[in-house]
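A single chain, nothing else alongside it, follows as structure tokens in the form predicted on its own.
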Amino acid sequence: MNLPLEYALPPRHWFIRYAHQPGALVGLGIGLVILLIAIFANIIAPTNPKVTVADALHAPSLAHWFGADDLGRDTFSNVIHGTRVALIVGLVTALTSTLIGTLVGLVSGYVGGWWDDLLMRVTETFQMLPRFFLALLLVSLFGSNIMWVALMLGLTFWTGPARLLRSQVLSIKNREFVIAARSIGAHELAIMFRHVLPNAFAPVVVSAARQIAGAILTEAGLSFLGLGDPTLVSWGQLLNNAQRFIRTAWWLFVFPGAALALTILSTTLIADGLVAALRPQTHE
């Protein structure tokens, strides 16, 4: 069955649209570099981030590019390893929230009736709760293991994708190609997952890209408050340690802060690029 023209664009067209946006390409390039740094952190980092290798508060030099902290640990190595924590949290949170939000939004929008009312009331209840403080409560109750943190953040981020997908499903489920599929005897589950979901999913992809940035910032905030995984190095943890030396050791907060800002910038540019790339255009 042929899909409507505005929803039938192949991935090649999406990439062409994306490639015509310089900002989006810059964001993608930065993101790929950050991803490679996270994957090869053990190779790139010159020292173990938890081992003393220099004098306390050693200033940036050729031997230690980003200087050393108050315990003589190499700041460059710490920033490199913090990249891995940031991406794990961002990607796992986005995946978890997208899966939950997709299921809730698809069932709510397509099935309708009391299912729609029930699921939307649950969604609104979660939306009313302050996200950061809900994450703070969950981490305080269930521990600060990095995977637990990421999964719990996913449980607080799913409401956006759910409402986005529901609105898309409501606008698509009564279109001609859905009615045609139903008229030839297609099962309702097949219609939901083969016809409705693929055509409604583009805004959720953009939302997931934005949620990566939100999750990274939230994890950094939790770590800054001392609620991050104590066995791993995170940028929020580094910034927490740096606040005591803000007047005497500028490098302790500049480099982790710059890494955090660059990562957020990258995900934001990628998300903005996806908005333009996945926007339906009937004239193509």
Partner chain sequence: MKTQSRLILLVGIAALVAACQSPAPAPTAAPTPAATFAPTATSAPTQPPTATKPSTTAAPTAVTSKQGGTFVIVAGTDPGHLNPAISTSGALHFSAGSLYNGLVALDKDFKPQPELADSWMITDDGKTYTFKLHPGVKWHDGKPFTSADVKFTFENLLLKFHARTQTGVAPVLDKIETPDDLTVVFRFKTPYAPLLQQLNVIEAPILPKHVYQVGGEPQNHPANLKPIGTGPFKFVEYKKGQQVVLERNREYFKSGLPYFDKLIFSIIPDTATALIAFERGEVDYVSVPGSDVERISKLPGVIVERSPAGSGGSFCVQTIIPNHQRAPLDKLPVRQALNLAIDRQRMVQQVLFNQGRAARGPMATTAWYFDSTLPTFEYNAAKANQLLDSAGLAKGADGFRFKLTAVFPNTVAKMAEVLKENFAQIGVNVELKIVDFNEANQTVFIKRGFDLGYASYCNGPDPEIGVRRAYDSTNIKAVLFSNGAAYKNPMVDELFARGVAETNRVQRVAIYAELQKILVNDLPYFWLYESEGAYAHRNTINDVRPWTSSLAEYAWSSK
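Here the structure is a predicted model, which means the values were calculated and not measured. Positions refer to the first chain, counted from 1.
One more form of this protein should be noted, the form predicted in complex with its partner chain, which is absent from this view; the next part is about it.
J.: State yes or no: in the predicted complex, is some non-hydrogen atom of residue 65 no more than 4.5 angstroms from a non-hydrogen atom of its partner chain?
T.: Residue 65 lies outside the contact set for its partner chain.
J.: So in the predicted complex, is its partner chain close enough to residue 29 to count as touching (4.5 Å, heavy atoms)?
T.: The answer is no: residue 29 has no heavy atom within 4.5 Å of its partner chain.
J.: Within a 4.5 Å heavy atom cut-off, is residue 42 in contact with its partner chain in the predicted complex?
T.: No, no contact at 4.5 Å.
J.: Find out whether any non-hydrogen atom of residue 47 is located within 4.5 angstroms of its partner chain in the predicted complex, and reply yes or no.
T.: No, residue 47 stays farther than 4.5 Å from its partner chain in the predicted complex.
J.: For the chain seen here without its partner, which of 83-91, 182-190, 69-77, 96-104 has a heavy atom within 4.5 Å of its partner chain in the predicted complex?
T.: Every other range fails; the passing one is 69-77.
J.: Within 4.5 Å of its partner chain in the predicted complex, counting any non-hydrogen atom, which residues from 217-242 show up?
T.: Heavy-atom contacts within 4.5 Å come from 224, 225, 226, 230, 231, 241.
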